[in-house]
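Each of two forms of one protein chain follows alone as structure tokens, named structure 1 and structure 2.
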Structure 1
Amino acid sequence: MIDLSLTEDQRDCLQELVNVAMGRASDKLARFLQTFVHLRVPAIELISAQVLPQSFAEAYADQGVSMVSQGFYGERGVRGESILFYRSHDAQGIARILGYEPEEATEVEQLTDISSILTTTFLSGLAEQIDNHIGYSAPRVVTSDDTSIEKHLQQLSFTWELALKVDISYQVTDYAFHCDMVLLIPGEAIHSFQQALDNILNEI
């Protein structure tokens, strides 16, 4: 059994890494979308992957939800899977943000496109700070059916031990959308993450 808990210092360090990664992602997004991206302080939470299905099924119980998953793999055993959760009303109108022509991309495709952008910009920003390089697999829509979210998560959490939950709120000048990002991380990769945090803490 791997110790999932972080020390106070490790937690603070991770929060700051996440903040900086988010800030850099926002900057890149703003340049790409040619608009101002308002960024809120992201709340992070480390939870055991086993409780994830239940807690998320509850949080999204009343609405339709779409989940987009994307694998990532870095050096020194850093790897995992990122899942983005969108409530149905947040999933609408993404085409406008992305600057696609109307009717040019289906809603599912818009969702995978924005997810891939959010995941890769955020994780690249995180990787840079822990001196790592991350590669990605193609994003996939796991489900757009509210009844099966718990089942899907159960299948996923079977493989992973720890989940880092990052609440992301992106507000673009005249359009706001919110999504939850969850990074699922397997046991041995958690150790790599903790090691990376300790390295940073030891340097200061």
Structure 2
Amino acid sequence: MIDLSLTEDQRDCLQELVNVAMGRASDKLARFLQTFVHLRVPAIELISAQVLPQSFAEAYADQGVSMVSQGFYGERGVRGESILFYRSHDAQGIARILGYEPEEATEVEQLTDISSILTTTFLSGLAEQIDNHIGYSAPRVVTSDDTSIEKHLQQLSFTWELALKVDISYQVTDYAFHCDMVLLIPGEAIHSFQQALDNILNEI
């Protein structure tokens, strides 16, 4: 049986790769908005996919939340799901952030646009560092309905027994805007990431 837990060196290496990738994503967003994007240290953990809905409920209890979920896939078994969570008051301010006129774009279009900036830049930066190429599924937007969001997370857990979970936070100070990115790597793909991390460590 393959050991899906990360060694200390693998975890440190992944932490650094994530730092670089989210730095690129935040820099692109900062340049687009001409402001500063604050980042927190990402959290990395191996979890049972069954607890995802419960984890969501605990993190966003009593808050209206919108979600943009997008699958990604690469070479050599690399794949996963990128999920961006927006609290209601942040989602309502996206039009101003992106410079849209009133009624110019729907809420779904706004969420898709800003998520594209963060998701594709982050994953492209991560893929480049592990010498891989990433493709994407169409984004799925679920707005202001906790039941639908939990159902989506439950559907993920049906096929993923274990997942490597990476929590990332972006905060745009000038716009009082904040969103959370959750990167989920299913158990069968974790081994592919372990091999990529080992290749990098062996070159050091």
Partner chain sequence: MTEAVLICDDSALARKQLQKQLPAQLATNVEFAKDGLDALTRMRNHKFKVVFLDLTMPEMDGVAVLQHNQKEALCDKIIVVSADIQPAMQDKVHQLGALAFVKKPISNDHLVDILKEHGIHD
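What you are looking at is a predicted structure, and each value in this text was computed from that prediction instead of being measured. We call the rigid core the largest set of C-alpha positions that still match within 1.5 Å between the two forms. Numbering runs along the sequence of structure 1, starting at 1.
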Completion exercise
Lone-chain pair; form predicted on its own identified as structure 2
Practice task
Could you tell me whether the Cα atom of Ser26 shifts by at least 2 Å between structure 1 and structure 2 after core superposition?
Solution key: yes
Exercise for the section: Superpose the two forms on their rigid core, then report whether the C-alpha of Gln54 is displaced by 2 angstroms or more between structure 1 and structure 2. Expected result: no
Handout entry: Per-residue C-alpha deviation between structure 1 and structure 2 [Val166; rigid core superposition; Å]
Key = 4.1
